[in-house]
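Just one chain is shown here, as structure tokens, and it is the form predicted alone.
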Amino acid sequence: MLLDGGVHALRVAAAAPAGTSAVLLELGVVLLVLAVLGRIAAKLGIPSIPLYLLAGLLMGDGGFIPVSAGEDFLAVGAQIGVVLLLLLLGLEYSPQDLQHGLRTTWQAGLVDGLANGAPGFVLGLLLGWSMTASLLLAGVTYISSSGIIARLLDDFDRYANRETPVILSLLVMEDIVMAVFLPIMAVLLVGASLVQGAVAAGIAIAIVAGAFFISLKFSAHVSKVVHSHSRELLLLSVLGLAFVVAGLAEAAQVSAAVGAFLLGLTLSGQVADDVRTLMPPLRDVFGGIFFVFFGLTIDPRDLVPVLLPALALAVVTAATKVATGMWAARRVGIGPKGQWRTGVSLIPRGEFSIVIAGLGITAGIQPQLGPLAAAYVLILAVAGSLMMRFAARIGPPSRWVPAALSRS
């Protein structure tokens, strides 16, 4: 009797929800595709991210090999990937580094906003879109992809470069602007007043300022509490804290990515050194899932009608990003090659642009916003990654001008 009961209990424990086999099968295929593409990218000496994006495009709705059973898991995995990418990015810098960077680059951040938001806003108006839809497109073209850029800086071993703090300062400023921009747009999209939008923005700013204060004043205390000589306990503590902070930030509409980045800034000393050693493999796996999932959300058939406007917008805003980055780097005394690397590093667009477009899609404000943003992001995610990879061979522009003049 007891034996029968034990067998029954084991059967219950081993039972899985219906459809589990299909989910496991498709997730296995996705991970194997990532492994194969990563090897191909390494063999060719190019970044793996463009290949991951294209793979997602081919496996999404309307692609050649649709993957649907594991979509929920991939969506969560993609979020985890962004959190880990930004957490490790924050671990590279102390609050004092960030404070210094923001103090020296706030003017560049202002120029960045005007130069890269204006093309999207103008195109929206030219296409006959409403003011709100045009503002959303301005947000899409303004914000660079912290996730892609952080991953590529690590891939190309450029964290120690002199221009990297300038790049990160601009990215953090963009993320902070998003912490204000997203709540305001969310309120405007539901027809609320400007006063209600201002209140939402005030709450977001207060949360970000509070997080910065904790980073500056209590970094050593937080690190001491999290520290453990056990790798397992340290990893569990940091991951748990990262997801809690990211979840709270997301609930407050500040963005999970910003929350994870601020936690990374707060951890310092031996804890930061140990986590930087333990976490990269985990980040690489979930980071790859993020880029595949991004591709999965795009239906290739929707891209065709908006391809030309997206291409024109990509060319213009790639140029404005390069100009902005070069100007910011030149202001702090970085040489022409570093200025060029700064400019091209800001070209990729990604997760935030998709989030902004998603707000418009949910509100049903403009049917073309989603496909246009998707095509735009795909173009600049691929082109920007390749530009970062081959920046030394292509530029800086000062190399082209004398060559052209000498030929004439």
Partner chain sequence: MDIYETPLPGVGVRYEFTAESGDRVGIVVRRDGKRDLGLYDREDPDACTGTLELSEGDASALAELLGGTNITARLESLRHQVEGLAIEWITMPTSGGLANRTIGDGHIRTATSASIVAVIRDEVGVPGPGPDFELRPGDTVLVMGSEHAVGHARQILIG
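Just so we're on the same page, rigid core means the largest C-alpha set that superposes within 1.5 Å between forms. Please read these numbers as outputs of a predicted model, since none were measured by experiment. Residue numbers count along the first chain shown, from 1.
Missing here is the form predicted together with the partner chain; even so, the following discussion is about that form.
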| item | value |
| --- | --- |
| Stretch in contact in the predicted complex with the partner chain, which is absent here, among 284-292, 141-149, 85-93, 235-243 (heavy atoms within 4.5 Å) | 85-93 |
| Site test, 100, 163 and 276 vs the partner chain in the predicted complex, non-hydrogen atom cutoff 4.5 Å | yes |
| 4.5 angstroms heavy atom contact with the partner chain in the predicted complex for residue 159 | yes |
| Contact flag, residue 326 vs the partner chain in the predicted complex, heavy atom cut 4.5 Å | no |
| Heavy atom of residue 338 within 4.5 Å of the partner chain in the predicted complex | yes |
| Any non-hydrogen atom of residue 334 within 4.5 angstroms of the partner chain in the predicted complex | yes |
| Sole residue of 260, 314, 80, 172 within 4.5 Å of the partner chain in the predicted complex, by heavy atom | 172 |
| Selected contact from 298, 265, 168, 249, since only one has a non-hydrogen atom within 4.5 angstroms of the partner chain in the predicted complex | 168 |
| Residue shift check between this form and the one not shown, rigid core fit, residue 219 Cα at least 2 Å | yes |
| Post core alignment: residue 328 C-alpha displaced by 2 Å or more between this form and the one not shown | no |
| Did residue 283 shift 2 Å or more between this form and the one not shown, C-alpha, core superposed | yes |
| Distance trend in the predicted complex - C-alpha atoms of residue 143 and residue 89, change of 3 Å or more | closer |
| In the predicted complex, whether the C-alpha atoms of residue 220 and residue 161 sit closer or farther than here (change of 3 Å or more) | farther |
